[in-house]
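A lone chain, given as structure tokens: the form predicted alone.
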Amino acid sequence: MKPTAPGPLLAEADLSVDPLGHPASALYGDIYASRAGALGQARAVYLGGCGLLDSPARWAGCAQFTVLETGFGLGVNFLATWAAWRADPQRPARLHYVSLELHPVRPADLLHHTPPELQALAAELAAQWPLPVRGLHPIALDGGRVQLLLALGDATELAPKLRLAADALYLDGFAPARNPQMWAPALLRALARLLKPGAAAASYTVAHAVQNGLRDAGFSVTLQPGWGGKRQRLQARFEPLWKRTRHTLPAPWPATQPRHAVIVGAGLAGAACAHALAQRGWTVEVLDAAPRVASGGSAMPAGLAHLQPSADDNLLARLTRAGMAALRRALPPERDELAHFTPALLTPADALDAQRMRDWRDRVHLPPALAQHIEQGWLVDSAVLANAALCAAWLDSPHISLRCHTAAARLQHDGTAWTVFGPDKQPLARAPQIILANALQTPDLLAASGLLPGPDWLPLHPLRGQAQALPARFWPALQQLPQPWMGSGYVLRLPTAAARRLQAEAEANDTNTKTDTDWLLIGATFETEARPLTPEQAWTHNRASLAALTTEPPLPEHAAALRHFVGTRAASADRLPYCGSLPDLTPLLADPQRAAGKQLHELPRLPGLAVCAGLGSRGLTLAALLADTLAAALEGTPLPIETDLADALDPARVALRRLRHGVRQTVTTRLDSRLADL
């Protein structure tokens, strides 16, 4: 019988104190650091062993520097590295720190056991400490200049799913005799694939098995005088004799290229991408064919971002968890007007949905802040957001210029940069990096540019939707609704920015309109473009979808105040977005049989061309996460999601499937022909 995959909820560290007062793990029977002092050990063994206390330090002159660590523990190594970075006038502009941890400590324990010199840094970290849930948890510190990526879970499972290029490696698991899995040869090889050639490594342990495992993984190993009463410590340098073939390290953005991007599309996806790049210092031009931002699928006054549970913790469940965390990180300071964070109540939409939710009771194990079962259904982490106001806030940056009424018709690359042409064949913008976030127009633009054989090589389908906004006073049964509700339909209370905009429009049309600050959004239909509903039909449908919530109708005079909204979502065939660089199909189509045998990471890519589209009805939940993922890929920094999630979003997946299907069809036809001859 196949073993059940572990659930996402992790057991936190069972911290105890040894007889001398040193923090220890009861599970592993080992202390967290040398009894001579955790900070001294961090500086002497790890920072000193990797050359970060040298003069100049190994990171001097670097634009960015990445440390990879096994065993975050109480975080002293990280805090000491952060402190050393802050104290060094030759420090890199950005410090990235990636740490693997199976049993995270509680933030109170982290603060309690942090050395006094590092307390201020520990407090900043503890304020953003994540829940103990498997996966990658990015944390931005020191104004975003220090990026901590906590990889929570089994290191042997997570390390192969990381994508980064580390300059230094801290090997700091519990002692090999206590926790041998953290020193296994397979894990050391997986870690080696995440290092740049020449990367330094350091460890407190000098066990022969560890030395041999490191040598087999491509390290040269030396032993140095120990610290804190220990006779020796280990230093190593990654000097592989083999050439990388299957695993290519992410490369930083070329120093010779300007950090300049053109984004086509000013909806949620485009605005999120522009914000993510501007936060990293890029100059961004945003073009949109519509007269204003947040048109198309982003045209509703508000929407619901929410976590999607699943019994098997599938791709969508993991993506939406990461998406909600990324959304919180990406919100601007005026978030209270843009977003209302409160658990949403999910109730079954039909019998199949009811069965699925019953299955969740025994198999969904998450902290209550993320998902919990109650009598009426499930409460899940969610936020109601004002679409247009959020897009405008993301685009409000001195690094971003916006041009509406500007349609892109064709792209052309001259070997150095891309030029975007309008319908009149006149150039609109030019940059080394283009991001297509124009939803349904994306496949047509690529096909018109000769970059796809046809739009069906990146298929997107329109899903038309209608919703209605109504002042809450006109529906007394819903006026005191405690949280967003989703079943066969939805009801959301609009955030302040969206309600204010609706009220202003209502007053502009009728000066006698009563001032309303409390509005409800009720929706939404799923229609085809070929068979759209009238506004009256859509309202009838949306009202009927609330039958499980209330059978009491709105007040008769509601009709005059009702506002109708239409948006067209763009969805892929597998309902997962496209996020990543576009494949170069010219060499692939020239030899489809060879191309069909490749993996996604082996496919050639069009330089400087990426896509972020097909978010469907999950634009608010996923836009910030996709933008962070795309920005990390462009800059060669640690990817904020696991590689299996990135592969599931890769726009090249469609081309690879088509190539493989074509090869299978060709082989089948040939076999059938030979059998007929026999």
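Sequential numbering from 1, following the sequence displayed. Here the structure is a predicted model, which is why all the values come from computation and not from measurement.
The form predicted together with a small molecule exists for this protein as well; it is not shown, and the discussion that follows is about that form.
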Checklist entry - Considering Glu69, Asp628, Glu642, Asp650, which brings a non-hydrogen atom within 4.5 Å of the small molecule in the predicted complex? => result Glu69
Checklist entry - Which residue, Glu337, Asp312, Glu602, Asp154, has a heavy atom that falls within 4.5 Å of the small molecule in the predicted complex? => result Asp154
Item to check | Partner proximity in the predicted complex: Arg134 to the small molecule, non-hydrogen atom cutoff 4.5 Å | outcome: no
Next on the checklist: Would you classify Val491 as touching the small molecule in the predicted complex, given a 4.5 Å non-hydrogen atom cut-off?
Outcome noted: no
Item to check | is_contact(Gly173, the small molecule) in the predicted complex, heavy atom dist at most 4.5 Å | outcome: yes
Next on the checklist: Does any part of Leu100 reach within 4.5 Å of the small molecule in the predicted complex? Heavy atoms only, please.
Outcome noted: yes
Checklist outcome for this item: Within 4.5 Å of the small molecule in the predicted complex, heavy atom basis, the matching stretch of 76-84, 590-598, 552-560, 254-262 is 76-84
